[in-house]
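Next up: just one chain, as structure tokens, the form predicted on its own.
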Amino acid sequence: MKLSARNVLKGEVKKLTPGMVNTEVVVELAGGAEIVAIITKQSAEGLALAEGKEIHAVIKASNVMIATD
């Protein structure tokens, strides 16, 4: 698999929370950091996601915003 995205993080599915339309996927990265993705329920099923499955989180964004109170 080749991607144009520069940020590909290898991790493991820690938790899946399926909803009516979307599924929340908590991914644990090396070192214990976690990221969360919301994907369609159909995509989660098509990828056969399950807790403990090794995956790659692909991040492609043109902007990252920072805010303070």
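Everything numeric in this text was worked out from a predicted model, so none of it was measured. A residue's number is simply how far along the shown sequence it sits, counting from 1.
Another form exists, predicted in complex with another copy of the chain; not displayed. Remarks below refer to it.
Remark: residue 24 counts among the residues lining another copy of the chain in the predicted complex, judged by a heavy atom distance of 4.5 Å or less. Taking non-hydrogen atoms only, residue 52 never approaches another copy of the chain to within 4.5 angstroms in the predicted complex. At a distance threshold of 4.5 angstroms between non-hydrogen atoms, residue 56 is in contact with another copy of the chain in the predicted complex.
For the chain shown alone, residue 34 is a contact residue for another copy of the chain in the predicted complex, at least one non-hydrogen atom being within 4.5 angstroms.
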